[in-house]
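What follows is a pair of forms of the same protein chain, given separately as structure tokens and numbered structure 1 and structure 2.
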Structure 1
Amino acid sequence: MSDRTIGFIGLGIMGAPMAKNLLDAGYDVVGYNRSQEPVDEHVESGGERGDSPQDVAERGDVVITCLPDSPVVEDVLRRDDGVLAGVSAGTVLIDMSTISPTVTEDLAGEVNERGGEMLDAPISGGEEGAIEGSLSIMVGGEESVVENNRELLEVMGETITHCGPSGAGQTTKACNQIVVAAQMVGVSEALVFANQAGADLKSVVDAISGGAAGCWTLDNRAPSMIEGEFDPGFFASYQYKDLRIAMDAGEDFGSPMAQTAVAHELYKAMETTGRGKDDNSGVMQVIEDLAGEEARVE
């Protein structure tokens, strides 16, 4: 049983199982969410209810945020009853959202002004990783703060990597999402092509998974993709948001983003065709739209 109280803000698809893992590890966890049903479920699992982000920050030694995007993180921190209003000397804020690196740097400065410390610690691994506590966590911030909280992070993740100063975790996550999107689009194109050519889709997946093309998407998503199952482990709308962050950062740093630009447009199409709440592997449906035929098994 830890003697530290954890505040957890954002009990969604990823946040809820992460908070549950902390409870199971013996931490006291005060939970807050904009909608109340996830908070009720958190309380049923043994957690405590937070009345506001400020309340959570005042009660927590460490405050974890797991939120959709930069504007939401900024609002939750800066509003009148926000996290910053409850931060005091010694408070550690760990933002596990995926947001802009420059926004992260600004918020870290505001936390520091109030005597607290901030880590940006975006995550990868999907809902499965959140449930199993096997996430990859990319951390930016002071190394001493990372080490002081490594045991806590290891409850939620299997791979904890300190990537550099504030903002470095978010930069690393942008790199991660560039590669994830490339996998999703590449696998989608391959499966639609195989279908158009009359190949057996299950055999194609089995064959290429064991060779140089083997990747996470083939192992964890392709079997459901060819069955037309796109229940969300990670929303396509979040993938689109992450690619916007990557594209903006590429512009700021003058980095070529040719492949990412194509993926960005395909995920934009997911949004405009009403598929943003599908899993990010659902980008296959956009490729199918272009082909005029679905790639499915019986």
Structure 2
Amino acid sequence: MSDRTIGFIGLGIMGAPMAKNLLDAGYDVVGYNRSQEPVDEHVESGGERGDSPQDVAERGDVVITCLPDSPVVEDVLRRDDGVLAGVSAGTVLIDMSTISPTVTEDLAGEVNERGGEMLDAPISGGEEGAIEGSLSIMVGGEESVVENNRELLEVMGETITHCGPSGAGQTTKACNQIVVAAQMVGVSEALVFANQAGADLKSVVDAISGGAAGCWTLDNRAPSMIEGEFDPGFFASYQYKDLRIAMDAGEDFGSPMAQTAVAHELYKAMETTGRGKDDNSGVMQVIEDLAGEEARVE
């Protein structure tokens, strides 16, 4: 498979190490990024320089995008020198950004019109996962296209799950963030409550972690939450952005999310109170704010 040339757009914290893994696996990788420094580093690692998204798409058999949000992905595809201008019959676009499922469906239609194929393939696993090639990749699109590109995806990720038609990867990522937020806020409300009630928080966590309340947040974040430590991890502002995608998609698909709406508002408060760069478990501080000045857990 390494005779295929890969275009890679978005050499950020996640994209740069993913492109590096593709180079190390023997692929030719044409990189593009708005700022040039990451492209220089990409070239130093053995990659090629792309002049524009269109140039990258014209030179690549596969084009991977790894970008911050829906508007950026839409712009990079649709602008005059964008990806769509360079797509030809057989081009495969793999969007690994976390964006809206319905925007994804629209973009896939536009790629199809030009004879190309599109997969949505958002990721989880963080910067370490990107460096180690151990990302979890949630894929939406045609089964045959997924299978033809599985080997390529396996260079970047450890778990590749095909979740359904175009948009299903983004839908799955949204589901992930809905459940993560529910846990983060639930554990936060429980810990602030237990602290106000005068219980011993470590004992509370020990007592409930092994049963039906057991979850990743209790196992991996509750100990630091109790200490008032909120170094990221996963930025609260990313959790907020991802919850907005989920809320917007719930609007599009007619799926009410009463509980997720509350989590969304609490993560909004992480932004408004200047805590967007804290870990997503830092939402506990918003619950503390609501409980008043005396309510700090640490």
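Each form is matched to the other, and the largest set of C-alpha atoms that superpose within 1.5 Å is called the rigid core. Counting starts at 1 and follows the sequence of structure 1. Quantities reported herein were computed from a predicted structural model and do not represent experimental measurements.
Of the two forms shown, the form predicted together with a further copy of the same chain is structure 2. Looking at T172, V205, G50, S70, the entry at the hinge of the rigid-part motion between structure 1 and structure 2 is T172, while the rest lie more than 12 positions from any hinge. The smaller of the two rigid parts turns by 17° against the larger between structure 1 and structure 2, as judged from C-alpha superpositions. After superposing on the rigid core, the C-alpha of N195 is displaced by 8.8 Å between structure 1 and structure 2.
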